[in-house]
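In the form predicted on its own, a lone chain appears below as structure tokens.
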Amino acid sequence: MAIRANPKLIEELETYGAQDVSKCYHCGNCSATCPFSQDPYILPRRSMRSLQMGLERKLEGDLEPWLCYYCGECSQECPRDAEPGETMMSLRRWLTSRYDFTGISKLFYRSWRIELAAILLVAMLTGLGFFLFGLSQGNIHHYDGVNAFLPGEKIHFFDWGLAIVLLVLLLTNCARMWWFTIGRDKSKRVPLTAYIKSAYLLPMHFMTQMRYAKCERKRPWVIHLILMLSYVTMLILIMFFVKRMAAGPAIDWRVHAFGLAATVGLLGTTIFAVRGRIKKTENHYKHSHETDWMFLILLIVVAGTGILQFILHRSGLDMAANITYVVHLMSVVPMLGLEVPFSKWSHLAYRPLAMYFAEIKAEAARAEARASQGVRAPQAA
């Protein structure tokens, strides 16, 4: 089969944040310093080469960008300042746009103005909708109880509706990732047992982001672990315990202790990342794409309004607490509805999937090797 090349692929990747990829002359320093570069994944050199050659279809099915955790060592060792670490980051953005069947990711990554406009539009519609809903059935001076402006049980139904939409979008995009990386390769047969045997990798890598710990610099792993655990904790509280979270003004420490810890974790890790991107203290903070800032700003607003809403309600300032709650929802909805399936938050799903798919492909290769040896053995006898 003829291999079609896209001569403009490098230019396209530059809109996703790639630096001057043409500087790379394949000395191999990047792969030599990368802790994850081992057969069959030669990070990041092979992806750089495929990009230079315009091998668009090959890159679509590539797991290597997701197996890179951007410690930045490769960029530091590059004698040509080709920034291979940032190129791998741009490939992850590009792949996200390929997995997304709606085309929204592509719009967001290629134009921060479109992304910002979408966030503001969804935020305003959310705020207007919840404000009108609150006035239609409650009292803005009551945070909880019979006349609650935004009663927890009704917000609970909205949360689940949003979660279902989000899940459908993410699962569809994840299925497309499987198709690009495994499904459409007819030369490889993956047994069902391989999927079952390696299934434990999905929750393990999703919850711990443990691959970061193999980077030479351990701090990014700790930061990502705190961020991930805080996010999952907050998501569980919102999906299953929102009524208890809204009740008060007495504090129910059974849920609020976890909520406060998650808020501190989100704010702390986000402020750390913002500080790093401003001061450019680490290699992976030297280049910031617009979507990186959208992600961080939304996190700060979500966490900040969440803790402010808690303080106002416990202080008996119900009207101020309700207004803050509406602002909080105005940031939560675009973050979950736009950023999670279409922007940087989606990487939290694709990274564990990449580890899972890599092991599946390895298991399929081992099974094929065992079958091949079994066929050859009688002939040798």
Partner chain sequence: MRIGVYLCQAGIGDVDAVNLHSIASYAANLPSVEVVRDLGLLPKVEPDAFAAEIRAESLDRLVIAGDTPGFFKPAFTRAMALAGEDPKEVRLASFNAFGASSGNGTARAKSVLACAALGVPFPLAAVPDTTAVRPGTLIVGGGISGIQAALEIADAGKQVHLVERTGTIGGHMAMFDKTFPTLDCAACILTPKMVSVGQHEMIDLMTYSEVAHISGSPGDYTIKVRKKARRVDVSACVACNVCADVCPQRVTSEFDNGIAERKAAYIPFPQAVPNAYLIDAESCTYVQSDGAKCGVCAKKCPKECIDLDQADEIVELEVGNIILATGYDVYDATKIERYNYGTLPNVLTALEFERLTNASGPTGGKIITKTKRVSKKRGEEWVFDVDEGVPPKSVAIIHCVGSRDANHNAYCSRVCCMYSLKFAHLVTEKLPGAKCYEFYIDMRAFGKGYEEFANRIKAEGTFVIRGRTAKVFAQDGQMMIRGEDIISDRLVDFPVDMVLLSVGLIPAHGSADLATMLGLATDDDGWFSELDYNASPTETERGGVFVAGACQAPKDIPDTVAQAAAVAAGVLKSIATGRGLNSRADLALSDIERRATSLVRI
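Residue numbers count along the first chain shown, from 1. Keep in mind that what you see is a predicted model, and the values were worked out from it rather than measured.
The discussion below concerns the form predicted in complex with the partner chain, not included here.
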query: Partner proximity in the predicted complex: S331 to the partner chain, non-hydrogen atom cutoff 4.5 Å; finding: no
query: is_contact(E290, the partner chain) in the predicted complex, heavy atom dist at most 4.5 Å; finding: no
query: Touches the partner chain in the predicted complex: G28 (any heavy atom, 4.5 Å); finding: yes
query: Contact test in the predicted complex: T324 vs the partner chain, heavy atoms, 4.5 Å; finding: no
query: Segment assignment from 44-52, 338-346, 352-360, 313-321: heavy atom within 4.5 Å of the partner chain in the predicted complex; finding: 44-52
query: Candidate spot T208, T269 and G276, all three touching the partner chain in the predicted complex (heavy atom, 4.5 Å); finding: no
query: Contact residue in the predicted complex, chosen from D185, E282, E77, D252 - any heavy atom within 4.5 Å of the partner chain; finding: E77
